[in-house]
Ligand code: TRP
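As structure tokens, one chain now follows by itself in the form predicted on its own.
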Amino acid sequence: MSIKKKIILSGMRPTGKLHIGHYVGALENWVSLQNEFQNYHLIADYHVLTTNLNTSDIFDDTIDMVIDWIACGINPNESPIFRQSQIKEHTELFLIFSMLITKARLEKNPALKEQIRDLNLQTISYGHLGYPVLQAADILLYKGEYVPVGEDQVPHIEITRHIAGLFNERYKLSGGKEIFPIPEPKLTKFSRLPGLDGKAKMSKSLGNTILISDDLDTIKTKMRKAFTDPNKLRKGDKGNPDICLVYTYHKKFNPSEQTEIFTGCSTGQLGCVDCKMKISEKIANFFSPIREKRKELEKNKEKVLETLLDGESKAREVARNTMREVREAMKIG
């Protein structure tokens, strides 16, 4: 008798080609979880609207992102990939959940406050305030039991847990059966990779990224501008690797030489330029197989779209079953 796998829901906004921070903070973990869990991978295209109403690039950005997902090792045959906007049940469950949570609870969300600060927003829309509620619908529609997230996303999962608890307390199926699990966050060891400018987060909007698809020359060019220990101005100066983002990259992509790099930097024997060029090569080599697979997928984008449509068919069936239970429990259908 086979044991039913626990369910994971994970997703991203469609932002086009992904950077190595996406790989370290999410994709690597998603791939490793495929055998152990039943994974569903959401393209959160409605979430784009919370900060940008321009939808002209969403489709192309979606295809580029799906190509990166598959190239990195996501198996869409086992782990369906689908667009949020193509499963109408997401918005239906979002509407129901929005009746359960207060405005005050949403305004306390630290991740939202960080977004408002980073984007320098003077005001926000109702949809932006409520996007953690839509995220809760995304997760619970597939009865997600775990959600792979970076540490900055944990407050959103707390809101999802809160909403699931509120619904289960008020509405139950016959026999007292609860519909929704209370999901848990699954943090990765490298939950956040700093950007090239030393900012805590790698982000396209900040222009501090290395793309998964970047070749060696592009990586070297970007890495030359990377932030290092400001007190280490030239080779011979003793540096502090613990505050250098380049050393952070070495810990992830060059672990076998980590001790050597630390010693060379802290004694002054290793200069920053040499250190940057070494990690550039390591990063390029690490992603070389992914870049090659990516090139093949780019040649057949029609097949990528077929994969997406197949995933949406699978996701739609699960979503419809969940909403039948919701309506039954609420006695509204």
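Worth saying up front: this structure is predicted, and the values here are computed from it rather than measured. All residue numbers refer to positions in the sequence shown, first residue = 1.
Quick note: we don't show the form predicted in complex with the ligand, though the next part is all about it.
Not one of 24, 193 and 222 places a heavy atom within 4.5 Å of the ligand in the predicted bound form. Contact with the ligand in the predicted bound form, defined as a heavy atom within 4.5 Å, holds for exactly one of 131, 180, 82, 249, namely 131. Checked against the ligand in the predicted bound form, the candidates 44, 70, 58, 284 yield a single residue with a heavy atom inside 4.5 Å, and that residue is 44. Judged by heavy atoms within 4.5 Å of the ligand in the predicted bound form, the contact stretch among the candidates 253-261, 146-154, 92-100, 105-113 is 146-154. Taking the partner from the other structure, the ligand in the predicted bound form has a heavy atom within 4.5 Å of a heavy atom of residue 13.
For the chain shown alone, residue 139 is a contact residue for the ligand in the predicted bound form, at least one non-hydrogen atom being within 4.5 angstroms. For residue 9, a non-hydrogen atom is located within 4.5 Å of the ligand in the predicted bound form, even though that partner is not displayed.
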